[in-house]
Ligand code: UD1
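The chain below stands alone and is given in structure tokens; this is the form predicted alone.
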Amino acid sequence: MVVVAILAAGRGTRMKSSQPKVLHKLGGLSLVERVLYSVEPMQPKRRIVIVGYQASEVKTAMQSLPNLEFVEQTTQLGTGHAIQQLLPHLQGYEGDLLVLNGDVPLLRPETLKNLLQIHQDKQNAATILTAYLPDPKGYGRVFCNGENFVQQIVEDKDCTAAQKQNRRINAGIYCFRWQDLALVLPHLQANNAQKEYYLTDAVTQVSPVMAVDVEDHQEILGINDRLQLAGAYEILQNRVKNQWMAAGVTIIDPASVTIDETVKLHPDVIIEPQTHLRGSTIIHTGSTIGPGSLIENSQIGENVSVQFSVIINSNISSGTRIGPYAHLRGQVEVGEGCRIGNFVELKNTTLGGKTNVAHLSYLGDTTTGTKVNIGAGTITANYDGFKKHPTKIGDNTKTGSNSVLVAPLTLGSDVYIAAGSTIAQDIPDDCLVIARSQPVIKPGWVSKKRDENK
């Protein structure tokens, strides 16, 4: 049984932002959300976020997350002071407390699960996460015996020259037996230059305390400024892209591609340079995405090609070609074997199989049958200034170049719309429709006008 407490009360002045540090985004999720998701596999009994700076804004941003509690630290007097705020909320609790930082977002769930497992198996009073850093300057050093029981924690500024050779540092992640911690929390002292109460002081007052080393020291990196935020995103992206390449996905230029962790890719997908995959996107086998494409919250079928295009909240069936420079948004459904060409925009539209919208067209709130051909420059006039209206187009219908379809409108099957027509009434099956105004021709008008203006 474990309760998780996340320290999220700090302001983060080095971010140079009016927004609380823990709400800054990293790969589509806030820093504190990432910390929360890292503990989900542990199924904690309670999840408590300790808030302070702009507490109401932090609460509002996280209100959609289930089973979350907030405790306020009205004045920020250190990590020990933050955990002291839990005393009235955990009265009578007899389990363990896992303490995490809201600005340390790269911890893997496996790392935390291992920390808790060792803590409980060894029946420790406290277990701390440690790491070996290539350059530990600025970090407190952890000194252990041969069985990894902690003997001493020394701050960097207090280390002797010999102690500074130790590269094992305190990561600031703790697991406590709550009953032991609750006894020492009220007695913490602020005998330091910052006049703050440190949780590390509590660690030295309980026993036994064990250190658990994290294999990848990048997991414990904290975010204090925008440069570190960018560095964390690069680490996160390397993890994701390495995972997919190992699973059989080709990424031509990983440095120019970004992929959210929530994206799912099947083997033999090819991701071209300058492509960005977001949200709950799924891409199936044999599809080539990019170069220069953005796909968000969309499903892409097998053997689909997408070039220099944007697809958002849409589903694309197998064998379809999209782009270059197409924009699909707002619940577009594209059938099998379709062609969506250059400078085409589709919004809230369903296309039947083997339909072509090859270039320079806009279809909004439209449903087509199969084998429809939309000529260049065709648009649906779906908005009357107050409401959106639907257009329905039957199987095998073809629109000529520069057609305007004024919704609400239904075109039957096997209809031909002549180029340059404006259609504002329903059309039955098997028709040719010509809706052009008669031209007005005035011979000699140009030369007459020229003479008048000499």
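Numbers for residues come from their place in the sequence shown, where the first is 1. What we label the rigid core is the largest C-alpha set whose atoms superpose within 1.5 Å from one form to the other. Only a predicted model underlies this, so the values are computations on that prediction, with no experimental measurement involved.
The same protein also has a form predicted together with the ligand, omitted here; what follows describes it.
Novice: Report yes if all three of 298, 336 and 366 come within 4.5 Å of the ligand in the model of the complex by some heavy atom, otherwise no.
Specialist: So, no: the whole triplet misses the ligand.
Novice: Can you tell me if residue 96 lies within 4.5 angstroms of the ligand in the model of the complex, counting non-hydrogen atoms only?
Specialist: Looking in the model of the complex, residue contacts with the ligand do not include residue 96, since no heavy atom lies within 4.5 Å.
Novice: Using the partner position in the model of the complex, report whether residue 102 sits within 4.5 Å of the ligand, counting heavy atoms only.
Specialist: Yes, contact at 4.5 Å.
Novice: Quick check on residue 77: any heavy atom within 4.5 Å of the ligand in the model of the complex?
Specialist: Looking in the model of the complex, residue contacts with the ligand include residue 77, since a heavy atom lies within 4.5 Å.
Novice: Taking 4.5 angstroms as the cut-off for heavy atoms, does residue 198 touch the ligand in the model of the complex?
Specialist: Because a heavy atom of residue 198 falls inside 4.5 Å of the ligand in the model of the complex, the answer is yes.
Novice: Answer with one of 291, 352, 286, 140: the residue that has a non-hydrogen atom within 4.5 Å of the ligand in the model of the complex.
Specialist: Exactly one listed residue reaches within 4.5 Å, namely 140.
Novice: What is the one choice in 356, 73, 305, 315 with a heavy atom within 4.5 Å of the ligand in the model of the complex?
Specialist: Looking at 356, 73, 305, 315 one by one, just 73 meets the 4.5 Å heavy-atom criterion.
Novice: Which one, 165-173, 106-114, 207-215, 259-267, holds residues whose non-hydrogen atoms are within 4.5 Å of the ligand in the model of the complex?
Specialist: Comparing against the ligand in the model of the complex, the contact stretch is 165-173.
Novice: Quick one: name the residues from 1-34 with any non-hydrogen atom within 4.5 angstroms of the ligand in the model of the complex.
Specialist: Stretch hits, in order: 7, 8, 9, 10, 21.
Novice: Quick check on residue 139: with the core superposed, does its CA move 2 angstroms or more between the shown form and the other one?
Specialist: Yes: residue 139 shifts by at least 2 Å between the shown form and the other one.
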